[in-house]
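Okay, here we've got a single chain as structure tokens, the form predicted on its own, with questions on binding and movement later.
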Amino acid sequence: MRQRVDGRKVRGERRRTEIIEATLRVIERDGVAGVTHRTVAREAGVPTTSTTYHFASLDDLLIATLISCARDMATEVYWMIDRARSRGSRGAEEVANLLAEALGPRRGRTMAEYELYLLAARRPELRPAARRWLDVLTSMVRHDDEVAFRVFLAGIDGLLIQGLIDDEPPTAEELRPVVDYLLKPR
């Protein structure tokens, strides 16, 4: 017997996703300071009442956006790890490609994600959502050495921040030796 799908719930989830995606576009274009219920509603093409219905406060909206970014990143990292393992690779090439993509064609999105991530330093209510990024990565990757893994993550964060302020984004070929070094067993 087929389960009955509640169309209202499906439409509500779709609308919620559209609002979160619009929030990211606003942050890409205007920064976090540009996020209001009105600007997000305009970007999503929905009435302002829709944004306030799904997200009572801007913090609720920013938290949902951070969580969405973490989920998207987790999916991307999962498949990257899967590809690396299927090739018998440590993953340096895959990580370098992912970073080059994040700093090149997806630069605006990466900048928006980091801006949200850094906002948590000023807004304690956003910190649990921001920490979720690290929790997701930690849970997905097998690692024997906690210190080496934290060094690797800090190195990746550093490469991304440096790449965002470069005039020209680094290529995967330029990033590969650094990523290779970060992945070397200690």
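Counting begins at 1, following the sequence as shown. Predicted model only: the values in this text are computed from it and were never measured.
Although not depicted, the form predicted in complex with another copy of the chain is the subject of the following passage.
Participant: Just checking whether residue 81 would be counted as a contact of another copy of the chain in the predicted bound form - the rule being heavy atoms within 4.5 angstroms.
Facilitator: No, residue 81 stays farther than 4.5 Å from another copy of the chain in the predicted bound form.
Participant: Would you check, heavy atoms only and a 4.5 Å threshold, whether residue 60 touches another copy of the chain in the predicted bound form?
Facilitator: Answer no; every heavy atom of residue 60 is more than 4.5 Å from another copy of the chain in the predicted bound form.
Participant: Is residue 56 one of the residues lying within 4.5 Å of another copy of the chain in the predicted bound form, judged by heavy atom distances?
Facilitator: Output for residue 56 is no: heavy atoms all beyond 4.5 Å of another copy of the chain.
Participant: I'd like to know whether residue 153 contacts another copy of the chain in the predicted bound form, with contact meaning heavy atoms within 4.5 angstroms.
Facilitator: Residue-level check for residue 153: yes, a contact with another copy of the chain.
Participant: Is it the case in the predicted bound form that 157, 162 and 166 each bring at least one heavy atom within 4.5 Å of another copy of the chain?
Facilitator: Result yes, every residue of the spot touches another copy of the chain.
Participant: Can you pick out, from 148, 136, 64, 41, the residue that has a heavy atom within 4.5 Å of another copy of the chain in the predicted bound form?
Facilitator: For this set of options, the contacting one is 148.
Participant: Note that another copy of the chain is not shown here; using its position in the predicted bound form, name the residues of 111-134 with a heavy atom within 4.5 Å of it, in sequence order.
Facilitator: The stretch touches the partner through 111, 112, 114, 115, 117, 118, 120, 121, 122, 127, 130, 131, 134.
Participant: Closer or farther: how do the Cα atoms of residue 79 and residue 131 compare in the predicted bound form versus the shown form, where the change is at least 3 Å?
Facilitator: Residue 79 and residue 131 sit closer together in the predicted bound form.
Participant: Work out the direction of the Cα-Cα change for residue 132 and residue 79 in the predicted bound form: closer or farther than in this form? It's 3 angstroms or more.
Facilitator: So the answer is closer.
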